[in-house]
Each structure stands twice: as C-alpha cells, then as structure tokens.
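Heads up, the chain below is alone and in the form predicted on its own; it's given as structure tokens.
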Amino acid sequence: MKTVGIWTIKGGVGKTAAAVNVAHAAALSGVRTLLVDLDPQGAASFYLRIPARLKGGARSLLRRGGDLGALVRPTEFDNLAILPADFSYRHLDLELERRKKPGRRLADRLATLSERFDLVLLDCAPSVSLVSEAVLRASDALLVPVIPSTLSMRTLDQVRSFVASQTRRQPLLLPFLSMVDRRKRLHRETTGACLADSSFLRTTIPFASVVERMGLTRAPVAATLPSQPAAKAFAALWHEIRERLGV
C-alpha cells in the first residue's frame, strides 16, 4: 500500500479538487483507493456525497486497537472509498498530543488497512501543525499543488524547508502546477520556470469552470464530463504519480 499526502500551507490552490479527482482517476485504473479527508471543513467528503461525520470523531480516528476499517465508507464509484472528515478534526492536534509517539500514530493506524487498499490519499488542511508532521511520517510521497504565482511559489519553498527539517522519514516531494490560466502572462512565464525544475510533475491542471462546478455536481470531473481537458489532466496527473511511486 502506498500513501500520498496532498498538502500545502496555502489555501485556495485546488488541493481538495486534486485529491478527489486523482482518487477517482486511480480508482478508474483499477487501484483500490481510499481517500482520507483530514480537513475539518469536509470538502472532499461533500464532493463525494458522504456526510462529514465520523462516529467517535477524532478520537476514533487515532484510537489504538479500534477498527479503523469500520469507519470507512464506500462511494458510488468502484474501487473508491472514503474515510470522512469530522468537525472535531479541528482539535486533531490536541488528540495527537495526548498519545504516545504522536508522529507515528496516523501511520500506524493506516497500516491496518494495507490488506484492503493499494493507495491511500490524505487530503490535509492547509496548515503547519502536529497533524502535518504525522502526515509526513505516514506518506510515501507528498503531492503539493502550486498556482503559478509569486506567493504560491514562496509557499512551495516553505513546504520544502519544512519537509527538510524533519529528521525522520521524509516523503518524496511532488509539486505540480494547479489552476493554470495561460491567458495570464505571469502564469505562462512561471509555468515555464517550474517545468524547468525536474522535481515538478509534468502535468499541469488548468483553471476551469468544470472544476469549480464540482460543488454543484458533487462528483469528480471525469464522472460528469470525461471529455473535458481538466478531466484528462487529472488522469494524466495520476499516471505520473503512479509511475513515480510504482503503484
């Protein structure tokens, strides 16, 4: 089982849209996929029509010995399940602090699902916290959405520094360009500079109204409009990730 954290410090960069669409693309390719919604806002759960409620809340997510698999919910898509968010996740840092070896707790809990899933995607809140450290420890790779703008590039530098500061296991860092609007000169110029960096994935996700409409359709783009460029871009992004990780 491979685990991929989808995380950045900056909000509004298409993180949750990427999480849901990549998870759906992975499931379509036959990979048994679990999307874990760690953001108390519960947007990923909402997109997949699953209530953002977890029996027992944050405590049940972290409780040693509890059956984590019992909290997993199927979605309407084959090979795709979700561990939904809960508003109590706003206190997830506090719950981790109460436990021994908090940095390893999430990884240990997810490991109990290794027989059921080939891929776990963690949709994380845009913050730096003890939860972020736990996500790094649990992840084989970290997928980082980057808008081609000055502030977003600055955020990527902060993410790289934070990952480098972790003296324990460090995930593979996979930045990718998100919400790219090629009508904007800054986006075109920054995209060219980013793609000259070999650490960036080659696929770029366009700024598209069909992605914004996911809040209305409550479904991945490929489930409603598979011929759209955005749907094809998310599929290409998944195949790049798959090749990098050997899923």
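Residue numbers run from 1 along the displayed sequence. Bear in mind the structure is a predicted one, so any value in this text is a computation, not a measurement.
The form predicted in complex with a small molecule exists for this protein as well; it is not shown, and the discussion that follows is about that form.
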**Asked** Counting only non-hydrogen atoms, which stretch in 56-64, 183-191, 211-219, 22-30 is within 4.5 Å of the small molecule in the predicted complex?
**Response** 211-219
**Message:** I'd like to know if Pro229 sits close to the small molecule in the predicted complex, meaning any non-hydrogen atom pair within 4.5 angstroms.
**Reply:** no
**Message:** in the predicted complex, does Ile205 come within 4.5 Å of the small molecule, counting heavy atoms only?
**Reply:** yes
**Request:** Look up in the predicted complex whether Ala17 has a non-hydrogen atom within 4.5 angstroms of the small molecule, and give yes or no.
**Result:** yes
**Message:** If we define contact as a non-hydrogen atom of the residue within 4.5 angstroms of the partner, is Ala223 a contact of the small molecule in the predicted complex?
**Reply:** no
